[in-house]
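Heads up, the chain below is alone and in the form predicted alone; it's given as structure tokens.
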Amino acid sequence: MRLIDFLIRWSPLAILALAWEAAPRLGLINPQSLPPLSVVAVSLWQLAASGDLLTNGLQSLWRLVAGLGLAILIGVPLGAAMASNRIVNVIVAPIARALYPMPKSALIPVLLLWLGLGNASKITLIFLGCLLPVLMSAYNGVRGVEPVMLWSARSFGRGPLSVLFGVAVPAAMPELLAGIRSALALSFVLLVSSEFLMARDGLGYLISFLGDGGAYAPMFAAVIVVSSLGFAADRLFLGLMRRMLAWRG
């Protein structure tokens, strides 16, 4: 049964791979605009062997981890404080709600002007884009905690910070982790978008550089790498979520 489930789960990807290989070779799609998958695989190997993939990949991952990490470090306590402190909520909530629907890629020209082509502009964009999902998930999660849990903690003499971060935040963990997972997916989009326009290295820059030069097979290879990294990061985080929430049964 496990083998059958595995085959059923991954059969769409196998069908897509076969279609990708067959369509250009049968003339259904122009091979110049979409090279066969086997040609892309060869280009992927060549990029890996040259070291370009590793160098640019590590640079991109550093930016992503820095931006997303800052968003989590600031967004979780700030969202929890919004939910538990009226003054913080009055100050922060209107700003968060006003910025939430704004496309974060619209900030690219501003950050390019202010921070230039270095790491700071990319990390800042990822941080700003991921901060709001994390902040709002922490806010909604803490707001949804059963009041009885908080009253019980206070009755045992626990202080406000102890109740907030020792009781409320752990109880809000399911919604909080879901928000971080959304931010993780968004971080890859923002990373590649920023590197397209304001970088001299990174996977997004590599995709743009290869596409502008007409090297479509290695360009698609770099696209596959970014997609695979995003998929792997999501699967790893989903596994972490399941372990952290195992207590829920």
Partner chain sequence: MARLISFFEATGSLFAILLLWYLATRYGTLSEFLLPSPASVLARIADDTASGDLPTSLLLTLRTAGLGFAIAALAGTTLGIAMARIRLVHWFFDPLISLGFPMPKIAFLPVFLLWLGPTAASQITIVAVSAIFPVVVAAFSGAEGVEKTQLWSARSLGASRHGLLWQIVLPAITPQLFTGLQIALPVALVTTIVAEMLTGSDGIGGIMLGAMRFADSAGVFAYIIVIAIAGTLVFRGMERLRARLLRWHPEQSH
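For the two forms, the rigid core is made up of the largest set of C-alpha atoms that agree within 1.5 Å on superposition. This one's a predicted model, so the numbers in the text were calculated from it and none came from an experiment. Positions refer to the first chain, counted from 1.
Keep in mind that the form predicted together with its partner chain is not shown, yet the notes after this line are about it.
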query: So which of 55, 32, 46, 38 gets a non-hydrogen atom within 4.5 Å of its partner chain in the model of the complex?
result: 32
field: Contact residue in the model of the complex, from 159, 94, 144, 170 (heavy atom within 4.5 Å of its partner chain)
entry: 94
- prompt: Within a 4.5 Å heavy atom cut-off, is residue 59 in contact with its partner chain in the model of the complex?
  reply: no
- prompt: Given that the partner is absent here, does residue 103 sit within 4.5 Å of its partner chain in the model of the complex, heavy atoms only?
  reply: yes
query: Taking 4.5 angstroms as the cut-off for heavy atoms, does residue 230 touch its partner chain in the model of the complex?
result: yes
field: Residue contact check: residue 16 to its partner chain in the model of the complex, 4.5 Å heavy atom
entry: yes
Site check 11, 86 and 110: each within 4.5 Å of its partner chain in the model of the complex by heavy atom: yes
C-alpha of residue 9 off by 2 Å or more between this form and the one not shown on rigid core: yes
